[in-house]
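Here we start with a single chain on its own, the form predicted on its own, put down as C-alpha cells.
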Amino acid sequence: MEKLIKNDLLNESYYEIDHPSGLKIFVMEKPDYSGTFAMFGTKYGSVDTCFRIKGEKNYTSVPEGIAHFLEHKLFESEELDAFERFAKTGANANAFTSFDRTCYIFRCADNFNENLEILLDFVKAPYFTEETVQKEQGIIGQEIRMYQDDPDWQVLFNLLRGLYHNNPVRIDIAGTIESIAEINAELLYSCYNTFYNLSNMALAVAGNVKKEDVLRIADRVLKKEEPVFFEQIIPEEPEAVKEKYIEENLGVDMPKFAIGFKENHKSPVRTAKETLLCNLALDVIAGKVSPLYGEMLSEGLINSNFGKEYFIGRGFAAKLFMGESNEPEKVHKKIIDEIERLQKSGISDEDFDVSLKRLYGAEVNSFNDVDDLANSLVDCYFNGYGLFDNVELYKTITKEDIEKAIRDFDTENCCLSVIK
C-alpha cells in the first residue's frame, strides 16, 4: 500500500509506502536537486538494555553500549566491508547510534541505485564471530577513552548523570570498558534479530530520485519478515534530579557548562505539539533574539557557542542550555530568574511573534535540505506523527500555549554541570 502525502502551502509532497517485506518506506522526490540522501534506521538505541519478546516469560538484559557496538559490526562482512563497497561507487556513507535509534546513511550525486542496494544489503546481512567481536572491543574501548577526554561530551553526560538516577540515558552511548567486555556474538545476534526486524525499521530517501527506483531495489533485496513483537523496558525513575551540581576538570580554555531541567512526564514520547511548544518556550527564554541572550552576551557571560535544546526520547525529557562561560553559576542563575519572571508576568506580544516567525521560518527552510528531510521523515515516523504536522501546528499556536509551556519548567528540579 502506498499513499502520496501533500502540503499545498509548501508545495511539497512525499510517498509513504508499506512494503511487502514489512518495512515502512518514505520517498521525497526533488528532481531539481543534484544529490540524494538515504537513511535506513531502526527504533533501537543505547537506552534499550532490557526487553522482553512477546510470549517469553523472562526479560533479557544486555550490556550497556551493545546498540552502538552492533552498529559498528554491521559494516563488516566476510568479504568487503560496507565502507569499501561505498568507496567504489563514490558515495559518502556513515552511521550513528543515539539514545533511542540507530541509523545508516549515505549521500551521493551518482550511482544511487547501486548505493541503495549496498545500504539495504549490508544492514540486513549480519556477520559476527567471536574473533571479530574481540577485535572490536579493543577499537571501541579506544573510542570510549577518547570521549572521556572530550569536554563537550563529558559536560553533557555529567549532566545526564546528575539528572537521572536509573534511566540508561545517563550511560555513555558507547557503554563502558567493563560493559563492552561482556558482549559476544550470541548477544549481538539476539539484539539484531529483535530490533532489526523490518517492522521496527524505516527507510527514507530524499533528493533526485524516483519512487519506482527505490521500490524496485527494495523488492529485489528485501525478503518478507514476520513482525517481532517486544516490550522495551525503561527503569522507574524518581522525579527529583540525582544531583544539583557536578564539576570536573579537563583541558579547556574556558569553562563549559550544561544546565538541565528534568521533566517527569510519564508518557514515553512527546506529541508533535508538546515538542513544538517547548522549543518555542526555549526560544522565548534564551533564543538568539531574546532579551536574556542579548544581556548575557553584552555582559560577557556567554559567547556565540551558547545554545538550547529540548532533549527528548523514549522515556526521558529535559530542557537544556549549554555553552561556555567564566561564570557558569551566574549564567545558571540568570536563566532561572528569567524563567521565573516569565512564569509570573507572561510573555510580550512582540516576543511571541518574533519566536513564532523565527522557528516557522527555520521549519520551512528545512525543506530545502535533503539530509534534514530524510532524517525528519524517519524521526517523525518513529515518534508517531507526520512530516507536515509542525507546519500546520504553527497556525494554531497561541501566546497562552507558550506561556503554559514556560510554566511547566520546574526550576527546582535542575542540575548544573561544569567542566573547568
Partner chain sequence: MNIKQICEGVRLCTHKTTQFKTSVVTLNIITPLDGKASEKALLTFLLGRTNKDFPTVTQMNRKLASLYGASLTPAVMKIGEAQVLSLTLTSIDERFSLRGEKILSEGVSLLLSCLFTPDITPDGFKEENLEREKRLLMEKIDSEHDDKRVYSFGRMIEEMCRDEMYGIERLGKKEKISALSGKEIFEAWKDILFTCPIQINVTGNFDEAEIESTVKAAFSSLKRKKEDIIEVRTEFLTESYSSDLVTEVQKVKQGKLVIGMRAGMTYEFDNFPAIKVMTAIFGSGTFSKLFMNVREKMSLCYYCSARLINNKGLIVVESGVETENAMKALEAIRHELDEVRKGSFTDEIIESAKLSLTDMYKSVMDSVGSIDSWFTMNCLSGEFRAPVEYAELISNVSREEIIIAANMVTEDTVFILESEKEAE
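Residue numbers count along the first chain shown, from 1. Model, not experiment: these values are computed from the prediction.
What comes next is about the form predicted together with its partner chain, which is not displayed.
Q: Scan K135, H165, R216, K330 and let me know which has any heavy atom within 4.5 Å of its partner chain in the predicted complex.
A: It is K135 that has a heavy atom within 4.5 Å of the partner.
Q: Given that its partner chain is left out here, which of I233, A109, A181, A272 has a heavy atom within 4.5 Å of it in the predicted complex?
A: Here the answer is residue option A109.
Q: How about G35: is it within 4.5 Å of its partner chain in the predicted complex, going by heavy atoms?
A: Contact with its partner chain, yes.
Q: Since only the chain is shown here, I'm wondering whether Y127 would be in contact with its partner chain in the predicted complex (any heavy atom pair within 4.5 Å).
A: Residue-level check for Y127: no, no contact with its partner chain.
Q: Is E117 a contact residue for its partner chain in the predicted complex, using a 4.5 Å heavy atom cut-off?
A: Residue-level check for E117: no, no contact with its partner chain.
Q: In the predicted complex, does N368 have a heavy atom within 4.5 Å of its partner chain?
A: Although its partner chain is absent here, N368 would touch it in the predicted complex, with heavy atoms inside 4.5 Å.
Q: Is it the case in the predicted complex that E2, M322 and G386 each bring at least one heavy atom within 4.5 Å of its partner chain?
A: Verified in the predicted complex; spot residues all out of contact, no.
Q: Tell me which stretch of 218-226, 331-339, 184-192, 100-108 has a heavy atom within 4.5 angstroms of its partner chain in the predicted complex.
A: Contact-bearing stretch, as computed: 100-108.
Q: So which bits of 388-420 sit within 4.5 Å of its partner chain in the predicted complex, heavy atoms only?
A: Sequence-ordered list is empty.
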